[in-house]
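Encoded as structure tokens, the following chain is the form predicted on its own, with no partner shown.
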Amino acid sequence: MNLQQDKVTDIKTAIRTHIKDGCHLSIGGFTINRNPMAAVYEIIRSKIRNIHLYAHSNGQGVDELIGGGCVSRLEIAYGGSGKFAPTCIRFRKAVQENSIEVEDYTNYQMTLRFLAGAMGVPFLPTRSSLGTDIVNRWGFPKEMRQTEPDIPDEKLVIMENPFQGWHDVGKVVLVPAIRPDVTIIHVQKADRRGNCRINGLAFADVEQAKAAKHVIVTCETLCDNEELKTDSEQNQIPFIHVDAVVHIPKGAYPTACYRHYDYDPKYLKNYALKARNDEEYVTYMETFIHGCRDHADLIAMIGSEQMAIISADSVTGYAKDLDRR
């Protein structure tokens, strides 16, 4: 491997190269924090279909991919956009109309599944979900599992602890590894080789990236290859995992990117109103997604005044005096 390889590209090329109809895709972020929204909007504009989507506890990204008609299957712990949509609206509608198949796990289980993929092991054990319907209710039928080589034969397996006498654990739950075709994450800093630095909570992004066959990173700041060598212990994802680096300032908007900007309550509130009505949602997509050539167009449409309102305070990392209602 060429250690000096330059992986910088544009978002259209990154999506066209790595995201295909029917692919298994994982997106990072958590509810309305650091979702890779610029990439999400480009996938929707590209009209990619039948995606098998994985997420930990995502919100806006998952909802808009589903609303854009891109997703046929979803594995997730929780889908919600804070108080704006405690349960993602287009996600809920798709489930109610049986237009997507969904399999749910606990938050901890989804983290373990990505971790197993990152470790290269087929499963990891936990006690999470014992005594709940998570173990009983399966989203994907066994018949479908037998014909899909990329989906585990079982949602999970319950077995007796094979090491009896060790703390008297009893039963454990084995959860299958996730190995996505592609993971997309948004980070605060990346260099041209693909080394990444995430400020604040990383959520499950590191495990999601390391589990994937290919990784697309969008970033607020594109550094030269020397900058991230300083305080290198703060770099969570090394270049060996990354295939494409895309410099897109405000690439998580309308979700938050810690120390750069907060989530946009105005946008998310308007989105929630539009998402509840099919006709208004079509208008929303025509205006804010298909009506924009790229993410920079969307940011220009929102305007500098609103972007200044959600700009992060240099001390706290969040917007100061932001009306979050």
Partner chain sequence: MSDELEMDYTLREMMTIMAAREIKNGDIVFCGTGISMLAAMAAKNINAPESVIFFETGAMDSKLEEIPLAVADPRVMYHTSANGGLLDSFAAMQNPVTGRRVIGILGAAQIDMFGNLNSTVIGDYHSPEIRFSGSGGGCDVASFVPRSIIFMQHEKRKFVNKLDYLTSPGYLDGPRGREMAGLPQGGPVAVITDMGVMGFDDETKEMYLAGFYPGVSPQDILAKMEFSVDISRAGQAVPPTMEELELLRERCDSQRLILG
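Nothing here was measured: the structure is a model prediction, and the numbers come from that model. Positions refer to the first chain, counted from 1.
A second form of this protein, the form predicted in complex with the partner chain, is not displayed here; the remarks below concern that form.
*Asks:* Should Ile43 be counted as a contact of the partner chain in the predicted complex, where contact means heavy atoms within 4.5 Å?
*Replies:* Heavy-atom contact with the partner chain at 4.5 Å: absent for Ile43.
*Asks:* Contact with the partner chain in the predicted complex for Gly131, defined as at least one heavy atom pair within 4.5 Å: yes or no?
*Replies:* Flag for Gly131 set to yes.
*Asks:* Quick check on Ala256: any heavy atom within 4.5 Å of the partner chain in the predicted complex?
*Replies:* Yes.
*Asks:* Could you tell me if Ser304 has a non-hydrogen atom within 4.5 Å of the partner chain in the predicted complex?
*Replies:* Ser304 lies outside the contact set for the partner chain.
*Asks:* May I ask you to choose, among Glu148, Glu227, Glu154, Glu103, the residue with a heavy atom within 4.5 Å of the partner chain in the predicted complex?
*Replies:* Filtering the options by heavy-atom distance leaves Glu103.
*Asks:* The partner chain is absent from this chain, but in the predicted complex, do Met144, Lys213 and Asp297 each have a non-hydrogen atom within 4.5 Å of it?
*Replies:* No, none of the three is in contact.
*Asks:* Which single stretch, out of 44-52, 285-293, 262-270, 62-70, brings residue heavy atoms within 4.5 Å of the partner chain in the predicted complex?
*Replies:* Among the candidates, contact is made by 262-270.
*Asks:* What are the residues of 106-139, in order along the chain, with a heavy atom within 4.5 Å of the partner chain in the predicted complex?
*Replies:* Stretch hits, in order: Thr106, Asn107, Tyr108, Gln109, Thr111, Leu112, Leu115, Thr126, Arg127, Ser128, Ser129, Leu130, Gly131, Thr132, Asp133, Ile134, Arg137, Trp138, Gly139.
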